[in-house]
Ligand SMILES: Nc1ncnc2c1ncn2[C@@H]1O[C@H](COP(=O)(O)OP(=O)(O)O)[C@@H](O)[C@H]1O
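This document starts with one chain, in the form predicted on its own, laid out as structure tokens.
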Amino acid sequence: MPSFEEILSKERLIINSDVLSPHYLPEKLLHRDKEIEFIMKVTAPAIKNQAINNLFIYGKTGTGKTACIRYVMKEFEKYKNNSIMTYVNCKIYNSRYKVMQKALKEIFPELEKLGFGIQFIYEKLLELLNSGKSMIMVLDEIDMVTDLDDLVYTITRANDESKSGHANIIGISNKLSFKERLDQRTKSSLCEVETVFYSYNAQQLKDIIKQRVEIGFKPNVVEESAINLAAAITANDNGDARYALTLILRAGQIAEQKGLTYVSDKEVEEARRFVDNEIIGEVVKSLPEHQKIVLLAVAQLTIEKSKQQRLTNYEDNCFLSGEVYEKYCKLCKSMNKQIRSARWYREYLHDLEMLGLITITETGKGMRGHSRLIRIGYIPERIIEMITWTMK
């Protein structure tokens, strides 16, 4: 029978898997000096109790947005001042009430209890500001907040009622268009600045992987070619540093399972298949409900091979945007879900394309005018299985 002693006694290639986690914050963030400096310049006046601009940070997944903010927060905390910078993950705290309660309950422990109305929480924010303190709310994945306009308006309105302190937002999102959900009155009160984090290139990814490998693996067990391959695969795919680190970690685990003393290109290639499945599953699981239904519509149409006449020169698994929307509406009715407008549907398509779950091709004139052809970006049977499981 196997035992823990036997397993633990085996020589490991990976000595610290935590440093290969996306949640690990290294002492030096590579290739993000300009971005960190920009955030620091925006937030620096708060150290002197001066007003700052609201800040919105955009960029695809794995471009270092959250890591840079966490680094700045760590540096900000070294200065003893009247400004508080607090972090809220809006995937978890996805409403105005939840965001404000989370941001303020460390200062006012009584907010940990349930039953307080939003007005009471707002009064607590004013109490904080009127005491001479300021608050910077870092709202990661801010676009996930369901009543976003109410949240932004409430925070900016607090500045009008405050006698001394300031309330500000640092919003992080991978959607450049999320502010379209805000009322014009709310937009005009933001006084924001913006910055975009661009994807890492192959050389930058190589540097990031090497930095973590030197800490996380035994010396000289990861071949240089394996690092190069992981960086190249990631750069060619999406430039997502988290993907690159997960890839090299899983390659190391595969090498250990095989009883190897090194990690080569072969293990990286094997890891790629595992990681792709895991990441797709996590992405689908985290999708908002109606994005799942749109994706389900594309997947089902792909399997059904739609009985309608397909236009020549295009593969059978391409579908016109109108076809997908019609299928989406049918699914909503069958699930007793309210059908969203065509405007929201177009935004869902854009988000799904950004995540690589579908591809969209714009056709030229002559195919019913300008049309959009939509194709599933992953195995449709697996997509249906994952969505069905997460919507139970």
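Fair warning: this is a prediction, and the values are worked out from it, not measured in the lab. Residues carry their position along the shown sequence, with the first being 1.
Separately, the form predicted in complex with the named molecule exists; it is not shown, and the next lines address it.
| request: Given that the partner is absent here, state which listed stretch (261 to 269, 71 to 79, 158 to 166, 211 to 219) has heavy atoms within 4.5 Å of the named molecule in the predicted bound form. | output: Result for this chain: 211 to 219.
| Do T43 and the named molecule share at least one heavy atom pair within 4.5 Å in the predicted bound form? | Because no heavy atom of T43 falls inside 4.5 Å of the named molecule in the predicted bound form, the answer is no.
| request: Decide whether K327 counts as a contact residue for the named molecule in the predicted bound form under a heavy atom distance cut-off of 4.5 Å. | output: Although the named molecule is absent here, K327 would stay clear of it in the predicted bound form, with no heavy atoms inside 4.5 Å.
| message | Taking the named molecule as it sits in the predicted bound form, is R242 near enough to touch it, meaning that at least one heavy atom pair lies within 4.5 angstroms? | response | Yes, R242 is a contact residue.
| Might T61 be said to contact the named molecule in the predicted bound form, defining contact as any heavy atom within 4.5 Å? | Contact check for T61: yes, within 4.5 Å of the named molecule in the predicted bound form.
| task | Could you work out which of S199, N228, S189, N174 is the residue within 4.5 angstroms of the named molecule in the predicted bound form, going by heavy atoms? | result | Looking at the other structure, the residue within range turns out to be N174.
| query | Going through 123 to 154 from first to last, which residues have a non-hydrogen atom within 4.5 Å of the named molecule in the predicted bound form? | reply | Nothing in this stretch is in contact.
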